[in-house]
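One chain comes next, on its own, written as structure tokens: the form predicted on its own.
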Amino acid sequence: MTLGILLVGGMGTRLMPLTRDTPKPMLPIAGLPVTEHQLMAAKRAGITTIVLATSYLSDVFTPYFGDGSQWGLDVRYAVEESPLGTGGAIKNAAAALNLKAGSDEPIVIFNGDVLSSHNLAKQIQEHVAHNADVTLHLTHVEDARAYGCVPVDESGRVTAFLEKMENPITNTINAGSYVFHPSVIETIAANTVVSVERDVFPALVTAGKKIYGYIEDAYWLDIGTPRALLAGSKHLVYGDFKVDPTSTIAASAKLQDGSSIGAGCEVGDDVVISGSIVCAGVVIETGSEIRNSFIAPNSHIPKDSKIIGNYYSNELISPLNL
């Protein structure tokens, strides 16, 4: 059995107003919440028990995922009353795993705003083979100036965690998926704001602990902006469009460029939807055009509307600043 913690407590400030009523990890991409895609990736890697570390709009997760049995998982919940940082959230969530003293069961930590198709099972295998304290998924980026750098030696051992710099010494960055030995979590102070990236990891390297990088340049995306969210959805649609089987689409409607249509939608005659995410329960009347936009749940779009690069709900229309 492999255990997991999924960090889904962030407010998603850069995604406002999309996250006004929906936490970022529950926004739909390719017709399913981001968190559901991540849970399926965890299951494929052999993870059977996973704790959702929630905070912002925490009550949205439980009605949807329940105990996880629908997905063949044991899903548990840990709520932060106030934000504790990534390290504090991990410490808080670990209590729900009911770890036995002296356990060496790997614990996989996911960031709830990252889409990755890397081989998580192999990352876990390498962690066990190295008898590591922490194994991080690292990936290469073309321009590392916007990220902290994580250099490794010839054996794959992490030598430093470097802050953003104008001239990075490596283009290898932290991709946001970690495998922990349980003893690492024991070192994190409870009920305290702690960052694993800025506090825990550098301290472990300084202490000579075995911190390894698993380097794989698979598909990887931080979905923290509307542009990235739309791009991630297009990637997972794998074609021109994806429509929930409970939705009704007029024969003359045109869906294209990786658009996704949620459950219970009605799309009228001569509607054009391109590169967009349409959430559940949306009604789009005849002749409307929607391009590169996010349509909130239960929205009603009148006849001949044009929505280009916008967030749209019944109460608000706002540019996505793509």
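Note that residue numbering begins at 1 and tracks the sequence as displayed. This is a predicted model, so every value here is computed, not measured.
Missing here is the form predicted in complex with a small molecule; even so, the following discussion is about that form.
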property: Stretch in contact in the predicted bound form with the small molecule, which is absent here, among 270-278, 50-58, 285-293, 257-265 (heavy atoms within 4.5 Å); result: 50-58
property: The small molecule contact in the predicted bound form: F241, any heavy atom under 4.5 Å; result: no
property: is_contact(L7, the small molecule) in the predicted bound form, heavy atom dist at most 4.5 Å; result: yes
property: Contact label in the predicted bound form: G232 to the small molecule, heavy atom within 4.5 Å; result: no
property: Close approach of G72 to the small molecule in the predicted bound form, 4.5 Å, heavy atom; result: no
property: Joint contact, N111, Y147 and E163 to the small molecule in the predicted bound form, by non-hydrogen atom at 4.5 Å; result: yes
property: Contact residue in the predicted bound form, from S247, N174, Q125, S116 (heavy atom within 4.5 Å of the small molecule); result: N174
property: One residue of D133, E216, D222, D199 in contact with the small molecule, assessed in the predicted bound form (non-hydrogen atom, 4.5 angstroms); result: D222
